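Okay, so here's just one chain, in C-alpha cells, the form predicted on its own.
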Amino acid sequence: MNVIDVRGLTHQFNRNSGGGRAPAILAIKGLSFSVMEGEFVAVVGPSGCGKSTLLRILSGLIHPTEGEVFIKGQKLADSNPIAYMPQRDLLLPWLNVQKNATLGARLSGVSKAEIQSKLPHLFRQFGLDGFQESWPSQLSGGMRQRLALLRTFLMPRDVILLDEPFGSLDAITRRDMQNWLQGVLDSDQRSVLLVTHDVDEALMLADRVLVMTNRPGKILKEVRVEFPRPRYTQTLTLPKFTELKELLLQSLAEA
C-alpha cells in the first residue's frame, strides 16, 4: 500500500522586488513518485533543486501550483497524517527537554495520559533518560537532534519527513546518529521520506534513493538499495555499496 502518492507536482514562487515583480522561480516541475507503507525513501539532488520545497508541500506548509498529493489514498488537504522535522531543530529555549518533546503531540490533540504512558520508554530509546528537566542549551548537538526526532516520533502520524536532520553534525556524531536512527525505526516502522545531501547517508538508511535534477527539480533516477538491515559501518566498504555510490554521484553530476 502506498502511503504517499505524488502526482505531477509543480511549484512556482512568484516574487516582488522594489515595488515591481521579479522573475518567478520554478522550483519543481512534474514530480511524480510514491512511498510504500513502512518504506524509507531518501531524496538527493543539487542544492536549490527543490528538495525542501517538496517536503514543505507534503507537510501542508505550501500549496502547490499544480499537481496532487495523496496520503493513504486521501488528498493532502483532507488528511495530513505527517510529522515534519525541518533542517533546524527549532527547540524552544524556554521549555525544558520534556516539554519540548511533548509539544507537537499536545498540539495534535494527544491526551496527557497517553503521552505520559509513552515517555519513559521513549526517553530511554532516544538516549535522553535523565535529561527530562534539562534545558536545550545544556544539550550537545547530537542530543538536540535526538530530542527533535523524539518530538517528531511522538506525534500520532504515519509518515515522517526529515529535512537534513543530521546536516549540522560532525562526521562521527552524524554516523552515530544514523546507526541510532536505524535502531529506532526497527521498532517503530513508519514510512520515512528523508532529504539529504549525503550520498553515503542515503545508502545507509534508505530502501530507495530518488535523484532530483537541477531546478526546476524533477526525478532523474531511482536507485534501489537492498543491503540487509541493520547496516553497519562495514557496509560502506562493500563493493556493491561503492557501485551504488558511484551510480548516484554520476547521476548527480548529470543532474
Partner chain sequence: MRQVNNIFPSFLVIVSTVVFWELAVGFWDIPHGILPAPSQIMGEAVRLRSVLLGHALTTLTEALAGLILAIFVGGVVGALISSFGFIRRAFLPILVITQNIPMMVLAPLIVVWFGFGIQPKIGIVTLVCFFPIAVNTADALMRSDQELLELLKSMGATRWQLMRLVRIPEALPAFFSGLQIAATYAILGAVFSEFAGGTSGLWLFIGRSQRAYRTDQMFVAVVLIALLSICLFLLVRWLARIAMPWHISESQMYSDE
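Please read these numbers as outputs of a predicted model, since none were measured by experiment. Positions refer to the first chain, counted from 1.
The same protein also exists as the form predicted together with the partner chain; that form is not shown, yet it is the one meant from here on.
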Between the options Ser140, Ser111, Ser168, Ser117, which residue brings a heavy atom to within 4.5 Å of the partner chain in the predicted bound form?
Ser140
Could you tell me if Gln125 has a non-hydrogen atom within 4.5 Å of the partner chain in the predicted bound form?
no
Taking the shortest heavy atom distance, is Leu103 within 4.5 Å of the partner chain in the predicted bound form?
yes
Would Lys75 count as touching the partner chain in the predicted bound form under a 4.5 Å heavy atom rule?
no
So in the predicted bound form, does Leu90 come within 4.5 Å of the partner chain, heavy atom to heavy atom?
yes
Only one of 215-223, 195-203, 56-64, 32-40 has heavy atoms within 4.5 Å of the partner chain in the predicted bound form; I'd like to know which.
56-64
Looking at the partner chain in the predicted bound form, do all three of Tyr84, Trp135 and Arg157 come within 4.5 Å of it through at least one heavy atom?
yes
